[in-house]
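Same chain, two versions here, written out as structure tokens and called structure 1 and structure 2.
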Structure 1
């Protein structure tokens, strides 16, 4: 009888210890999962806050770019087109003056014709900068070819452009971002990099449209944040974001500038 009672006590003791152990493990697991979940939620919130911040930065960059573009167009219209039209108006009033000789009338008329022609030409250039007609009619590939020819016409840089992609001309909105990115990069290569050679190549890498851009300019220290801002990287980053693409660039002082972006 005593042996049975002792055996039963041992079983009860074992059950109690086992129950206590399981309760401690359960509490530990609950606490562990609670803090793990809390940490995951905190990281998700931090990630969301970062995404919101980046979206705001990108939107801010786009707005600044648009405002700068509007200011540039307004300045061009005021300084160039308006001034020429004012002179045309003055010359037109001169034609109504009495006692004009035939030579004076001819000279004034020629001035009006020349100024009007220049105003028309400059208005075409302003419209071309907004959206090149070749790009609108024939697509991205033709637009870039014309852009390269324009840069080469300066006789200060040679541009080597190759395209292995079959680009859909209907995707003009997305391709316009690609065009503006290259336009920005080429302007920087010429203005800041003092490059004499530029290479642009469109390729399909693992099913992804990729652009390789490189120049032989003076380069810069890519580790400095100020250099990235100076190259208009915020504007480029915004366009890359709209394209759902990626961008990586490398640069060293004296070794040119290279960019790879997807779109």
Structure 2
């Protein structure tokens, strides 16, 4: 009888401890889930804030680029066209002066003709820089060929361009982005990289249009934060995101700069 009672007591204790153990663990699990949910939601919010911040940043970059571009155009207009037209107008006034000899009239007219020709040439250049007519008329391939020629003729750099893609002229809006990216990259290679060789290749990799760009310039330390997101790079990034593409930079000091992007 006594032994039996002890045994029963034992069973009850065991049941009590077991249920206590399970209950406390259950409580802890519930608390765990509660806090986990909270943490995940908070993380999600942080992510969204970051996204908004990045969007703002991008918008900022767009505005700044726009302003810079305006400034550049204004300067070009002022320096190359307005100044020349000023002198033309002065000369025209001189023409209307009385008692001019034949030789003077001839000299002034020649001046005017020269200056207007220069102003015309300059305005053509400015328009060309803004949107190359070859690109608009004959598409990306021709546009890049012309760009390469321009770089080779004026800036002592050797450009190798190959194209294995069949580019559709209907995509001209998208191609403009590609054109601008290459323009920016080439400018960077010259200005910052002091490159003497540039390779550009369009390829079709697994059905995706891919562009390999490479130069032999001084390169830069891609791990340094200042180098990662200059205004130009931001511009390229947002163009790539317009194209739903991807972009990969590899750069090291002394071994040039390479970019692969898809569009």
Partner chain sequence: MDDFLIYFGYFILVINVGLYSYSFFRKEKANVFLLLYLVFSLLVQFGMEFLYHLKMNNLVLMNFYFLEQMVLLGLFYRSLYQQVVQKKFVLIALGLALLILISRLVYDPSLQFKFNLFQITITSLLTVVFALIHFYNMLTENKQYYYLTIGVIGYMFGGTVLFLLGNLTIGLSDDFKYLSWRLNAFLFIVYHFFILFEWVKSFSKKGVKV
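By rigid core we mean the largest C-alpha set that fits within 1.5 Å across both forms. Positions refer to the first chain, counted from 1. Note that the structure is a prediction, hence the values are computed from the model and not measured.
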Which of the two shown corresponds to the form predicted together with the partner chain? 2
After fitting the rigid core, is the C-alpha of residue 21 off by 2 Å or more between structures 1 and 2? yes
Core fit, then residue 38 C-alpha moves 2 Å or more between structures 1 and 2: yes
Rigid core superposed, CA of residue 203 - does it shift 2 Å or more between structures 1 and 2? no
Core-referenced Cα shift (Å), residue 47, between structures 1 and 2: 4.4
